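Okay, here we've got a single chain as structure tokens, the form predicted alone, with questions on binding and movement later.
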């Protein structure tokens, strides 16, 4: 089982990286290893399907550059491969006076990122876009869209296989060992010998990096986002996508309304610390993983810093009426009876040893491998650009 590249993780970032590498050189022998029995099973398959515009990200950052370029590539790919998507636009709504300055900052940031068609709205203009929304001011972002990222991932996997690539499901990586000028990537059933490994393991990306002997200044901390779904007869309250102005001190976007490509309307998510990395339900607990998170000095600092916000998120998780009150800031006529329990997702958020939640992608590289340690939203939107970025860097390391 000898390869030029072994990619660990079969989510959308791992798959796009594999396809981009294969496209750059058809002689590359490339394998993707996925521990689940299906591709795109975690962050990719549990997100809300939003095609992000890039308005939130610091100009010049990896997130900003890759989101904007990835957006262009994603739309082209969907058109070429007949994957349903829709550019429907979204409102970012200021509901309190303290949010007006931040809304203006978002407008400037969007312009700096090349989003020339974003439009500031006054209170009376909001109804022209979302008749049921109430706010002091808003930004109209016409670039935002919706898509099914699992469908995108499956199509990318097909194209990767057409170029000779191999995908191994149910292949959990348990060890990485140096063997001369190569790396042994060990799973319970097989050992893969590779010149270079690429770690796109998402929620377990830090654990994979540690297998290679790296000393890390970050750890992945899982945050669960929980959704409600609007009843069929109340979907008319939401025309497209409706977001609040995000808290600049908290790396989450706040509860919002999202129309999906499948025809539903989701409300959420909140952001609560998950007691296991793949803890999609409230009482999903792994004591070793919980201890791993709590033992990280950086996360303990984060807990102290965001204690009030964190408790508020848990309160909304346990008490539906509190979740509804947050949604009513955007659509006052929403009631608890309009909402039915929906799905959830877990975000792989990197936390530094200095107590910061990383706000950009983190890429660590050495002569035998590369680790992608912080690729939450907008990684799905940006995935084709991220795949290009990683593939270009990795091509320098392997000569066939």
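Numbering follows the first chain given and starts at 1. All values reported here derive from a predicted model rather than from experimental measurement.
The next section is about a form of this same protein that is not shown, the form predicted in complex with a small molecule.
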Do residue 229 and the small molecule share at least one heavy atom pair within 4.5 Å in the model of the complex?
no
Closest heavy atom of residue 349 to the small molecule in the model of the complex, within 4.5 Å or not?
no
Might residue 320 be said to contact the small molecule in the model of the complex, defining contact as any heavy atom within 4.5 Å?
no
Quick one: does residue 194 come within 4.5 Å of the small molecule in the model of the complex, counting heavy atoms only?
no
Only one of 351-359, 47-55, 23-31, 332-340 has heavy atoms within 4.5 Å of the small molecule in the model of the complex; I'd like to know which.
47-55
